[in-house]
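This document opens with one chain alone, in structure tokens, the form predicted on its own.
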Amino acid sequence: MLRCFHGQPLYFKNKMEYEAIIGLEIHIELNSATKMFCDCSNRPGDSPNQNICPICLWMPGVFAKISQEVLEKATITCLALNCEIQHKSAFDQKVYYYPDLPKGFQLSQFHFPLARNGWVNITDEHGSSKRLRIRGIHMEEDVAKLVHETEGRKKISLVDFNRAGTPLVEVVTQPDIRNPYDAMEFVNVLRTLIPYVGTAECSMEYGTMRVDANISLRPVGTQKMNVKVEVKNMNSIRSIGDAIAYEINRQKQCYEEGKEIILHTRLWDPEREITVPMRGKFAGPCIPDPSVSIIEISDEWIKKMKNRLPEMPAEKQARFIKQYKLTEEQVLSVTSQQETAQYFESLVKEGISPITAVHWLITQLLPAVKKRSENLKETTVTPERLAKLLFMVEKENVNANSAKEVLALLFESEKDPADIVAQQGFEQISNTGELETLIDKILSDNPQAVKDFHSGKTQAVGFLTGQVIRLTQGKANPKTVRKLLEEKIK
């Protein structure tokens, strides 16, 4: 055995050593205001069949026209993944039958996709950079949703057409991936890059990103592409890794037992942690669709879309290291999401030092925002309000522990931080006369700690400092207290 993944052995040295050939197909729901071919709202979660029209239902005589916003967001998504935009693309009828298909086919770009030849860089499990290629990205409409009613005398299935016509892009990789870790990292990179450009949320939890994996094995050292198996129903990053690892082992066992690998689709069962057969792999015809116009894109339009790309994570990370003198770890923590990076820079523009801004943003604000199920865009703790609080910490008007309590109150009130500090009595005690009286009491109550200090146990000062701070309910200035303590003990 060469290595394991979540307890699953991947490769064996027995009669033959195999390597995995893995390709991913990733459906990403664009966050456009409307659906792909009509003006119905693209709003997941609405009541069933609320956002439908004759075009959604593909009634006789309807005319489908692609949304300009959808085309722009799809193009920007492709550019973010370093793809070559094709000057001409077109929709095909992907013909197959299923109850959730209003048309009896799905509109998808099979023969002439929107983009080809992309790539992203990932960091593999050894910490090395690795480039994984993208074969192409095409647009397609989503299908309706089946709702299965299992209660009552008779089981029935209902169709919710709200999702029908929702705009998708499908990212199809080259079969460059060789292990579950790289597959997981590829998806993670997409979950960072695409929300950065603002075209999709890429949430596996809410279904706006869906990942299928095609997996096959071949003997190490050969170039043959053997029969692949598709695995669906992976709704988390961990599920992607576990499902691929399991399927590698299952196929390995089939080869060792002399069983034939058959082209088909399987589902990942997260409860039992196994893949189970779903259906045979159906390859229906893809017929050019006459109802949707061919899309022709000029170089000028592509340039215009490129200009709408924001500063991408890798560029931002390099700039933050150079401009703000942050460590690589600090930079990664504040650039993982666009809104986090924007909040950080807003704090710095308010006059907060980069190191202080990183520390409070990552260790205090973000956990508090997450706990409240909010995000940095909607929180009442704006960069301006947090900066006012941090200035008070820097000026030693309030200590760090009290500032954390003030931060919690900022979520509940729109008051100025200075007003909260004054009203709640959080001002830091730095008056030496007041502190000396308290220090004398602590020294009198703790003679053993004083003896310990004189016997060489310098940590006794820390203990005594803590006692003074406790006596003032956390309001004493720790630096001033320690200085005065050392002077008195010596």
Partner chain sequence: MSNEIDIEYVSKLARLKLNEEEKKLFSSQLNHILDYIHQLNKLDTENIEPTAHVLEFTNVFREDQVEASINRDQVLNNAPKSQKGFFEVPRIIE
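Predicted model only: the values in this text are computed from it and were never measured. Positions refer to the first chain, counted from 1.
Although not depicted, the form predicted in complex with its partner chain is the subject of the following passage.
Decide whether E345 counts as a contact residue for its partner chain in the predicted bound form under a heavy atom distance cut-off of 4.5 Å.
-> Looking in the predicted bound form, residue contacts with its partner chain do not include E345, since no heavy atom lies within 4.5 Å.
Any non-hydrogen atom of F426 within 4.5 angstroms of its partner chain in the predicted bound form | F426: no, not in contact with its partner chain in the predicted bound form.
Is there a non-hydrogen atom of E405 within 4.5 angstroms of a non-hydrogen atom of its partner chain in the predicted bound form?
-> Output for E405 is no: heavy atoms all beyond 4.5 Å of its partner chain.
Does its partner chain get within 4.5 angstroms of any non-hydrogen atom of D160 in the predicted bound form?
-> Yes, contact at 4.5 Å.
Considering its partner chain in the predicted bound form, find the one stretch among 224-232, 288-296, 127-135, 317-325 with heavy atoms no farther than 4.5 Å from it.
-> Selected range: 288-296.
Using heavy atoms only and a 4.5 Å cut-off, determine which of L332, V220, I362, V147 is in contact with its partner chain in the predicted bound form.
-> Exactly one residue meets the criterion: V147.
Just one of T437, N49, N446, Q459 has a heavy atom within 4.5 angstroms of its partner chain in the predicted bound form, so which one?
-> Looking at T437, N49, N446, Q459 one by one, just N49 meets the 4.5 Å heavy-atom criterion.
Of 25-43, which residues get within 4.5 Å of its partner chain in the predicted bound form if you count heavy atoms?
-> Heavy-atom contacts within 4.5 Å come from S32, A33, T34, K35, M36, F37, C38, D39, C40, S41.
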